[in-house]
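Presented below, as structure tokens, is a lone chain in the form predicted on its own.
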Amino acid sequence: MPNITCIGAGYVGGPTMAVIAAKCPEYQVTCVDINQERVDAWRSGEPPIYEPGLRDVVNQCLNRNLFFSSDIPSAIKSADIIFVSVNTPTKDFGEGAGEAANLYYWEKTAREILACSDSSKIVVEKSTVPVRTADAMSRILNSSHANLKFEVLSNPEFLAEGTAIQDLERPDRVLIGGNQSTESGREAVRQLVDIYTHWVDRERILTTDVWSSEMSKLAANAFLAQRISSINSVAAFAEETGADITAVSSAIGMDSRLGPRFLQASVGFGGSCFKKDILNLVYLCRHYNLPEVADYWEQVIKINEFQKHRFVRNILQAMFNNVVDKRIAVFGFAFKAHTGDTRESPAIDICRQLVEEKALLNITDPEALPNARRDLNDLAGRVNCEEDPYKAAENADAIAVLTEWPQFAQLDYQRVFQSMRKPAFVFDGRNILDHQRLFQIGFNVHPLGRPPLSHL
């Protein structure tokens, strides 16, 4: 059986390799990374990222057929199949700054694979990349060694943080793009299909050309983000008209053509993918002279930014247009529940805007406080991180719920209310709390997309 190497032990590479090792015990799987601290965490059996179920899967096969290393050249040399799961952030310099994908790490990895290889290999694109990136990688890899052949496949991940292990073990689909016109290309696709058929039904494994596979990943993220921006735009309308966005979402979601997912009003989407991938899509559409298409997708980002500003504006207006030296308990800093990831979290911008208004913040989150301290390090004088949500709310003027952690809905809000300054406000940016109950306790309650419940 072929040896598998994954370059990149982050949110995608680590969990993916752990599940492959668990489901394919006859394969040797090695995950490598340049970050020695990250590698050491994986080796210890305590993954450096929080993901429900991940630790159990890792420890099931750690040092049996799952290994972590920082020796990238050796892992490349011994591999038959190499998954590439490196960072492709948005460029912050030069041509395409602010929109195009920065492919520096991706190209560096391709050249390292070429330099360290002494046998032919299958290279699997796992990172989210611009359409036709695989073609560029293939040209780099097949540029030097006439006696070596590299087949480049696209196998995009469709993982949601917080449910990544479930998504890997029971995927909606596995998408594999490859060169179907050559025997070596078809054989490479077959080998990757063989890995996934260890636990995924064959009818759920879709094979296509590389370009369609790459585009499917960008399009899927764009469509999901579009749904979030769409319901948030309607939530703003609902607040102005007195409608209830929860009822509207339920009515829309019962339409079998639409379904209920990604229709919950919130402070906006975050994470490492949605914004980055849409900006990349916008850039590519402009590159291919499709300005109308680019403008359409760019509006998804603009609505997301608008939603965060609107949430802060609602806080200001409700609190007498003044939050100077008022203490606000921020419930949740991760971009979504069941993860510690804060990349592009709406909480970052919202907290920064509140501090600009000279508010004092007590932030609490079950998993994301280390990242919150890092992300807001420059605001240390006005930001405090507190593990206990009850302590975070003590002497606070308001609570702002920014992440939908279920434990926030289970707190004793009578106790919370008694510890706060009056009048006490709750701004539920995820609509996870019992608003009527909070109002009966004495809170002034401001949901998203619903009429406020105010004693003032």
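Don't overthink the numbering: it's just position in the shown sequence, from 1. Everything numeric in this text was worked out from a predicted model, so none of it was measured.
What comes next is about the form predicted in complex with a small molecule, which does not appear here.
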| note | Given 388-396, 32-40, 53-61, 408-416, the stretch touching the small molecule in the predicted complex at heavy atoms within 4.5 Å is 32-40
| note | Of Ser272, Ser117, Ser213, Asn371, the only residue with a heavy atom within 4.5 Å of the small molecule in the predicted complex is Ser272
| request: Scan Arg310, Lys91, Lys336, Arg327 and let me know which has any heavy atom within 4.5 Å of the small molecule in the predicted complex. | output: Lys336
| query | Does Leu263 reach the small molecule in the predicted complex, with heavy atoms at most 4.5 Å apart? | reply | yes
| request: Classify Ala160 as contacting or not contacting the small molecule in the predicted complex by the rule of any non-hydrogen atom within 4.5 angstroms, answering yes or no. | output: yes
| said: in the predicted complex, does Asn221 come within 4.5 Å of the small molecule, counting heavy atoms only? | reply: yes
| Can any non-hydrogen atom of Gly268 be found within 4.5 angstroms of the small molecule in the predicted complex? | yes
